[in-house]
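In structure tokens, one chain follows: the form predicted on its own.
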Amino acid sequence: MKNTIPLPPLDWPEFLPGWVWLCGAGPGDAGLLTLHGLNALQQADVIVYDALVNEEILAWANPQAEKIYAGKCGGKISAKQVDISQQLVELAQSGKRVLRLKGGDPFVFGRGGEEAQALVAQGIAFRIIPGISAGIGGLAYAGIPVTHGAANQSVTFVSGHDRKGQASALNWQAISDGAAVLVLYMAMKHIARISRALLDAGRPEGEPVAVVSGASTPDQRVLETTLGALVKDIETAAMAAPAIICVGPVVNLRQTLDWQAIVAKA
């Protein structure tokens, strides 16, 4: 794979020294990176990237760019958010073109808002480059649309834990009542508590659930189960984080919309 890809003619934004661009890299498949993201990669002096960024994407970077890993993994020693934000500030203040590359979308459970606030507080200029969130793109790769005219008119995206890493502080009754379809990010650690809370909120044991790990990558795995059997089936199938969990009637649409299975048979 070449390190650079020719960009089509367009008035591409110039990445100026001392700026930070906060960019979403998408759910995993390198092809889901936006053209603005590719442009940023090819101009950056330094790239601060997360654990979920596909390394194939980094191969498209400016060959002279410094690459700094700043991934956070649950249950493991990881970079602290305050330190990452401070590092972005210091790199920009040194005159670098700083690309903060994050899995999914930086503003969807990606802490991009906190990082942008830290830049504003220090007078650092920045640009936001949205990315495809795993809760939409990852499920699409599993053949699950988050909305469908015959299935739901609402969807709620939920983090499986609060800032302290707990699930109990969330109002699961209100969350359950609020939408027919729930998309859970970072929920694997507390899935037993979450599934129990949803059942206690009145959702049926037979409600369809899908767990998608390695979304949109060659390692993608999809577990189809029910809310009542979810915890046991996750353990039996040895499903692990990072994973997206979808609860609701749209999961059943995978039976006909699993396009990757169709492609594999073609």
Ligand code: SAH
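Source: prediction; values computed, not measured. We number the residues from 1 along the sequence you see.
As for the form predicted in complex with the named molecule, it is not shown, yet the points below apply to it.
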Stretch from 141-149, 82-90, 113-121, 180-188 whose residues place a heavy atom within 4.5 Å of the named molecule in the model of the complex: 180-188
Residue (of I57, I47, V209, V212) lying close to the named molecule in the model of the complex, criterion heavy atoms within 4.5 Å: V212
Among the candidates L101, I194, A134, I129, the residue which, in the model of the complex, approaches the named molecule to within 4.5 Å (heavy atoms): A134
Contact label in the model of the complex: A243 to the named molecule, heavy atom within 4.5 Å: yes
Exercise: L52 in contact with the named molecule in the model of the complex, heavy atom 4.5 Å: yes
Partner proximity in the model of the complex: V155 to the named molecule, non-hydrogen atom cutoff 4.5 Å: no
Touches the named molecule in the model of the complex: F109 (any heavy atom, 4.5 Å): yes
